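What follows is a single chain, given as structure tokens, in the form predicted on its own.
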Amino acid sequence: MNTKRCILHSDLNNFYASVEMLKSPALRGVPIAVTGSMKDRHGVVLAKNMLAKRAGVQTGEVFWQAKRKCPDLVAVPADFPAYVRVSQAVRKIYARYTDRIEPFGIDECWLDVTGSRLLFGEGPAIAESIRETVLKECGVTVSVGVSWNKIFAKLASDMKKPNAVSVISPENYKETAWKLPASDLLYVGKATARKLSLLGIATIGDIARYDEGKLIQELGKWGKVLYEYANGSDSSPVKEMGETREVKSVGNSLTCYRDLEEEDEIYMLFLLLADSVAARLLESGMGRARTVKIVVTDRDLGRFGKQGQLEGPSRNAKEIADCAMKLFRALETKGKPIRALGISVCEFSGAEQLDMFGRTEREDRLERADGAVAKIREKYGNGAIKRATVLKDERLSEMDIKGAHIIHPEGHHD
């Protein structure tokens, strides 16, 4: 692999659960589920260890459901400060090998070690050194993928877990990567996998061998991206730690304390989420959004997504929520009760020209009002001022809506 880039993808195994077992060694021999608030929904499963995973416990289900599958399951409340501390300690180890470290969530990173090979050896040797050092110094395991591009490095890190090193090279990628399901390719979600299946595409190799023009015709520009990924043509760089990244979208999501069945309840949650997203847009000074995307999770953990255009560029919470509700009504959720909702906005505009209908002036008024509300909440707390609509359900109005996530082009969250 000397003639090509050398990219690693590191993935901390069962990270939240691993940290909890590190904190309490007695948990190592029992199935555990790291949960959210037990007050809200009796605890949503955020992560699980291998024993719980083998028993069928799934991320996203509530604890009582998981307990039915695994009677010995132990609930452990999430300790996010501890996860951040361990994550930072692991990244300091990565920094001994390279300054090209690009996080992909709290527990995953890409590392470009192309220029490090004269000091530390080839990619697999560096990966083994990292794996051993992380276990020795931090007490958690990591799976590391080695390849010449980010997509295949990520794919390799998923091939063997836990505590392993896997290599996808220019010599073996057809025998390794191409035989894997198409859904294993990064960014191929359920909806895209269904579209590919309708085209007779089942594996990554099927994507690579498919006619590129026809794939673009069926999937648009995304078809070209997937074709290049499957053929190992990804040339995207691993960004240096702290390097400024273009913001792609801003979004937020929440699992409700109970299943929502009525449209007015769903709209209430959309309003709460849209408030946090609009506040982040105003705080960051970003442009107005043109597109709204929603993700809906029903009681059976089925996930549905849809996106659509706002009537005009906006940073107003109510307009974002109204668009989200319109998109929701167009989804085929088959009337199932809703467990979780998510909103994100993207395609930001710069300064808008005045239009003949005075829309920009109206947007300015709405933004000033949203900004005033945000300042009151910042000074006195989120509960200091609430929309009358959400007061119909006091428990819902008091749920903790965290700050919105800024999402960068490769799907990274801050």
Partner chain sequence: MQYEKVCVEVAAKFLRDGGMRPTALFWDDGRKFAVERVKYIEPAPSHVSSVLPVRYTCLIEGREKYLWFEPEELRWFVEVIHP
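In this text the structure is predicted, and so the values were computed from the model without any measurement. Positions refer to the first chain, counted from 1.
The same protein also has a form predicted in complex with the partner chain, omitted here; what follows describes it.
Contact annotation: V86 falls within 4.5 Å of the partner chain in the model of the complex, judged by heavy atom distances. The partner chain in the model of the complex is not approached by I106, whose heavy atoms all lie more than 4.5 angstroms from it. The partner chain in the model of the complex is not approached by K179, whose heavy atoms all lie more than 4.5 angstroms from it.
In the model of the complex, none of the heavy atoms of L260 sits within 4.5 Å of a heavy atom of the partner chain.
Think of it this way: in the model of the complex, the partner chain has a heavy atom of just one of L73, C138, A78, M268 within 4.5 Å, and the residue is C138. Considering the partner chain in the model of the complex, the lone stretch of 86-94, 148-156, 120-128, 201-209 in range is 86-94 [heavy atom distance within 4.5 Å].
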